[in-house]
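To begin, one chain is listed below as structure tokens, in the form predicted on its own.
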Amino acid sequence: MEFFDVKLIWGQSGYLAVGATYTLGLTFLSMFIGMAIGIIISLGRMAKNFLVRALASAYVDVMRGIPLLVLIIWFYFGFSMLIDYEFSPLFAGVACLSLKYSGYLAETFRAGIQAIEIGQSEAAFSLGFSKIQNLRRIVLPQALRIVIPPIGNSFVSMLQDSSMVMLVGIWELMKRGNSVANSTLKPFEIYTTVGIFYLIMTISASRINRYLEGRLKLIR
């Protein structure tokens, strides 16, 4: 028996590559939504209103405390039964990834915003800027430059965790690999190839993140 069936891998590489593109698209979309939620929650964490701060802090604690696997199962199978509505697999996968990582991204954005000198905001207010204008034109542009490296790390982690959405039936890389492994009875070859695809994607994302981090240091 051949130890490693190269012909099988070559024949299935295109099918798995399509799954890899699905994985990347899913991760980019989830990261974008997670960042939007994270910014809102981070502002809530710094709000003067006690109730708003408490709710934002509770959200962060819950999302960071629940394992992604549990969140996916609860959301897709449990919550859908509770409200008597069947979510699409794509919606459930994106929602769970976005919600889970928004808890981490909220703390990342909060740290970035608090790193901006308060004197800049005071100067903006003295020039007649509103709070929204100060946030949009002064604070957030600088904070984004600070938080790009940790956001890149979160993207890599989300890329790896996206394999869990196979549970709800999204035909991304892991789901396709699992299907091929079951149909060909060649799990070693298929899962090795799937692992290589993930390595290529995560290493590429990490290299891009390092490059951006270096460029930002030069700009500063």
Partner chain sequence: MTLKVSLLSMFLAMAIGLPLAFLRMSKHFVPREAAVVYIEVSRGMPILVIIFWVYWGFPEIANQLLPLLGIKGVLVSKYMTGFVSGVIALTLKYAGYLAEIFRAGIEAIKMGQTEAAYSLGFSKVQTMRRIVLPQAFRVIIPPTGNAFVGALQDSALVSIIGVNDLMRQAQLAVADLYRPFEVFTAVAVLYLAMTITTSKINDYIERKKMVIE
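Quick caveat, the model's predicted, so the values are computed rather than measured. Residue numbers count along the first chain shown, from 1.
What comes next is about the form predicted in complex with its partner chain, which is not displayed.
Checked against its partner chain in the model of the complex, the residues Ile40, Val70, Val52, Leu29 give one hit for a heavy atom within 4.5 Å, which is Val70. Contact annotation: Ile33 falls outside 4.5 Å of its partner chain in the model of the complex, judged by heavy atom distances.
In the model of the complex, none of the heavy atoms of Tyr22 sits within 4.5 Å of a heavy atom of its partner chain.
Taking the partner from the other structure, its partner chain in the model of the complex has no heavy atom within 4.5 Å of any heavy atom of Trp171. In the model of the complex, its partner chain lies within 4.5 Å of some heavy atom of Phe79. Relative to its partner chain in the model of the complex, residues Phe91, Ser98 and Arg215 are all farther than 4.5 Å at every heavy atom.
Residues of 153 to 188 placing a heavy atom within 4.5 Å of its partner chain in the model of the complex, in sequence order: Gln160, Ser163, Met164, Met166, Leu167, Met174, Asn178, Leu185, Lys186, Pro187, Phe188.
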